Structure formats: C-alpha cells, structure tokens
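The chain below stands alone and is given in structure tokens; this is the form predicted alone.
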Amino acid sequence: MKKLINDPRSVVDESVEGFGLAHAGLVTVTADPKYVTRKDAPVAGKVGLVSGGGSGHEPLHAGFVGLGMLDAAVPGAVFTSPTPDQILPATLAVNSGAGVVHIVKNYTGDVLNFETAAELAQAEGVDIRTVLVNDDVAVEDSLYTAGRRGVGGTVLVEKIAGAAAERGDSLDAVAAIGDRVNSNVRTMGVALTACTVPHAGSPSFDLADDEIEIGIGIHGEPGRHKIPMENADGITDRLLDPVLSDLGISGGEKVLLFVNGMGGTPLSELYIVYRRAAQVITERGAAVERSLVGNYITSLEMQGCSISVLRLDDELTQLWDAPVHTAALRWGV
C-alpha cells in the first residue's frame, strides 16, 4: 500500500484539519466531536442542511459546505457512518430556529445514526426533516443497506435542496424539494479497480486484470455482475440503459447528466463517457440541459465512474443554476 498518509488511525483527523486550513474563509472545523460548518452558520431565518457519512468519498460531504449548499457536514471514519454524538452538535450549530433538514444516504449505519440524532435534536426543540437518498439502480439490497443505496444523486440533492433553503423556503418545502430530486434521479456505477482502505492495507475486493464490476457501490459493495473489460462506449451503455429505463425518460424531456469519477479515473476518460451518454440521451429524444463532470463522490482511489441522470423541470433547473460557493462546487458568485 502506497498512500500519502502518516498513520492509518489519523487519516480522517489530519485530512479534515487540512481541509479546514485550506478553506478557512468558507468553513469552520470543530475537532471534538468532528464536524464542519459554513463560516457564517447559523444563518438567521434559514433552514439548515446537514449531511454526512463515511470519509473516503471526498469532496462529499465537507466539500459541499457553504453558500447555496450544505450548512454542515459530519465525517465518519473511512467508509463508516458518523455517530449521533457528532451529528447532534452539527445540527444544533446550524439551527437558526427555522429547522434543519438531514440529507442521508441510504446505508444502514447512516440511517440509524441520523435517526437517533434527529430524535435527540427534536428533544432539544429543533424541528427536523429527513431526505433519504436512494438513487442506485444497480441493486435492491446489499450488506450495507435495505433497499437502494444513496450514491451520485446525493450531490444533486444537496445542491438543489441547498438552493431552496438559501432562497428562504420553509422546512417542509426544502425537504419536499430534496425528495423531488431523489425521486427523479437514478445512478449506476462501474469499478475498473478496487480501492484500499488505509487501516485495512489491502484492496477491498478482487478484480482480475481484465475484469470490471458493473453496478459497484461507493464502498466497494458488489454490483450486478463482473464482465471482461470492454471499451468506454460499451461500458457507458451498460450503465446508462438501466438508468434511463428505471427513470422512464421519454422524448421531449430535459435532463441533467452527471458523470462522476470514483477517484482514480482521469478527467479525460470521464469526458469520453459523457460524450457517449449525451449522444445516447439525444438519440432517445431527450435534451441534456445541464451537466456535471468530475470527481464529486469518490471511493478513495478506485478507478471507475458513475452516471447519474436527473429529470429536470423549470424549478429544478433554476435551483441548479442558483449561486453556490463551496470548496468543491461554485458558480454564480
């Protein structure tokens, strides 16, 4: 294992500390318990947005803390849910009296720990709503979750719900926007190689040199099947067909196309995937109105990508275009 680390046990602490130093104008890092808030939190009269999950998926979630997106992010150990003892103070720190929305990826640990934190926050008088993200079409169940996993669509939920909160929407309205995005986005991913969790020191799953895993999860969970390596267009079609089928995209519709890197894939290759995906969507009579390409929800150094498609309407497009200023996503400011 070759990694730019000091001690596997201190990876998350040192990474979050470095993130806070690098982006001191945007965020405040609290070390014990560990969480990240936007610099101006709590924002008076604004609904707070809190998300979190295991580390190793950077820039998710801390990279999306700031104007127009999250108010707080709670990082757990690598591929491990944050604890209620972290989530509760993060929630309280961003509560301005308008309530707080928890955006939770559908993994058992995340769901249970955010549930517990929500109950504790409500006991302290904070009104909580939860948006559960479950956009992965690859599998229905796994060892990590009951139902579909929350993957690339999480970024889109956080951006659009964050814009709704920033414009002053009510607690219920922000949660409803988040649910609407989740209902209209689907994702599927592929792994070309495994990743290595620092404290494990060895690859998290096995793939032969000429083999890829279709439908992989962001923690290395099994996908639909392993197949021999093929060209980019073939892999793109294998990912995109189930996404479009499950979403029921028809001619005349407008979509956002998001090609996400898993951490170890060059941007040049992600654009090759985007090229094919945009071509297929156009051939099916839909229009790609908005796009996002890059490493936004990763799996350490895994080579591979995911494709997300979000059905757009005028309001969702307007909220996507709204100003955002975070470490990892910024425009319009």
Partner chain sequence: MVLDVNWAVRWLTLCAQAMAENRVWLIELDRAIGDSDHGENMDRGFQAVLEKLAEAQPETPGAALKLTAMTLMSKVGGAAGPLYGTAFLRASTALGDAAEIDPGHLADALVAARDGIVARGKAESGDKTMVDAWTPAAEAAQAAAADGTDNVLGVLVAAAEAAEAGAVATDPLVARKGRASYLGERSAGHRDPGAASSALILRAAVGAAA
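This one's a predicted model, so the numbers in the text were calculated from it and none came from an experiment. Residue numbers count along the first chain shown, from 1.
What comes next is about the form predicted in complex with its partner chain, which does not appear here.
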- its partner chain in the model of the complex has a heavy atom of only one listed residue within 4.5 Å, and of 85, 172, 179, 246 that residue is 85
- The single option of 126, 197, 255, 163 touching its partner chain in the model of the complex, heavy atom within 4.5 Å: 197
- Query: So which stretch, 152-160, 67-75, 180-188, 101-109, is the one near its partner chain in the model of the complex (non-hydrogen atoms, 4.5 Å)?
  - Reply: 101-109
- Message: Is residue 96 part of the interface with its partner chain in the model of the complex - any heavy atom within 4.5 Å?
- Response: no
- Query: Any of the heavy atoms of residue 115 lying within 4.5 Å of its partner chain in the model of the complex?
  - Reply: yes
- Give a yes/no on whether residue 226 approaches its partner chain to within 4.5 Å in the model of the complex, heavy atoms considered. yes
- Item | 4.5 Å heavy atom contact, residue 135 to its partner chain in the model of the complex | no
- Task: For the stretch 56-81, return the residues whose heavy atoms include at least one within 4.5 Å of its partner chain in the model of the complex, in the order they occur.
- Result: 77, 78, 79, 80, 81
